[in-house]
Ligand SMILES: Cc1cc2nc3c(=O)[nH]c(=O)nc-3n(C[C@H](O)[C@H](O)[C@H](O)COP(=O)(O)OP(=O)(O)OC[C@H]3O[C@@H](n4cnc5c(N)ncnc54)[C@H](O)[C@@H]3O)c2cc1C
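First comes one chain, alone, set out as structure tokens in the form predicted on its own.
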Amino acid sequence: MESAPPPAWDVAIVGGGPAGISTALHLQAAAPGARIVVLEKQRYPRDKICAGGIGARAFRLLERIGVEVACPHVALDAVALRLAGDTVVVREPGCGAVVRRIEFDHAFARRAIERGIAIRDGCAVVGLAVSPGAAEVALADGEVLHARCVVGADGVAGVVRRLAGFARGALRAQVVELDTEPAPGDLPRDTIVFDLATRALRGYAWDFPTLVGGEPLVCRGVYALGVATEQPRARLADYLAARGLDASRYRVKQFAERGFEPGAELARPRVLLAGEAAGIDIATGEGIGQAIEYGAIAGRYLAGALADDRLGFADWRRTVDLHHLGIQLRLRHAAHRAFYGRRRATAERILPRLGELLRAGVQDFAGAPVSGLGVIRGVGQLVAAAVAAI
């Protein structure tokens, strides 16, 4: 009896956004002979609703494998927090950038194509079947691809998550955004602003400097935890009105987020999840940088798994948990529960006194070395502020 031919692909990556392309590039860097195909449902250049902030940590990860994504952007040197009665600005030159996803994702995919990675856009996945020897990926045009394994990097409503039988997940957030002209009171254009001043909002508003067709605009929006209790469009309208802007003049874009859930299933035999499909930071909704970091972890992990034929992926969850990304996601998951709970007013009074911890957080966003002494001082500030607040 003849044995079945080997799968044509080692890895089929579903989703051609930052997580999928990062996974492909990092896998190729770790295993140059890997046969990789990326399947993107839409045609590039395609848009994605997103504020577009990327911490420089992501760029540093890509630099390690010789990848630069050249596209229009606004360089960032500071992060600001608006609280009730106070604004805290932490400056860290070169801490990140703001991009438009229609431009960034297309440029990122081109870098992968230049390195010989097969990118198939306009290629919708409609079926997935896993057997002991391979994974079969059915496409909308009737073609079936055979791969040794599949990566679901297709976002919050990704088809891989559903077809592979992963749980839907409980944590959700709503996001609404729009682009406006600058307004009086805006901070300098090298600064992204997180506005936490509205305590009635279980979330925050934001102002991110952006470029739309070369025109300097500001992406403004509201990130609201929960899908039933908040009214993000109304919150956004109020936020704009306070700045002399009429929300009805702009096109509002709305989408949902799935937050990282500690302990949730991230893999099944021959299928693993990465990026938004696996869950991103529920506290802030940060996505692009974390998606690229997911890809960096997944690429190295897959290189070893393919070499050893360990495609059950039983330790993928643990691999993420032990990495910087997993630690960060768990810390922010805990922080969002603490900050948005009944002691929010106390937390807001404490935050401006935590200069060292806030600086460490921005340095981490930037991928810059975090001062151990600064963290120790920051913990001291936290203890002192907490005692004073009692």
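What you are looking at is a predicted structure, and each value in this text was computed from that prediction instead of being measured. We number the residues from 1 along the sequence you see.
Here the subject shifts to the form predicted together with the ligand, a form of this protein not shown in this document.
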{"query": "Contact segment among 317 to 325, 48 to 56, 350 to 358, 24 to 32, judged by heavy atoms lying within 4.5 Å of the ligand in the model of the complex", "finding": "48 to 56"}
{"query": "Residue among Gly299, Gly155, Gly203, Pro209 with a heavy atom within 4.5 Å of the ligand in the model of the complex", "finding": "Gly155"}
{"query": "Residue among Ala247, Val159, Leu306, Ile117 with a heavy atom within 4.5 Å of the ligand in the model of the complex", "finding": "Val159"}
{"query": "Contact flag, Gly285 vs the ligand in the model of the complex, heavy atom cut 4.5 Å", "finding": "yes"}
{"query": "Contact flag, Glu276 vs the ligand in the model of the complex, heavy atom cut 4.5 Å", "finding": "yes"}
{"query": "Distance check, Cys95 to the ligand in the model of the complex, heavy atom within 4.5 Å", "finding": "no"}
{"query": "Close approach of His333 to the ligand in the model of the complex, 4.5 Å, heavy atom", "finding": "no"}
{"query": "Heavy atom within 4.5 Å of the ligand in the model of the complex - qualifying residues of 234 to 259", "finding": "Phe255, Ala256, Glu257"}
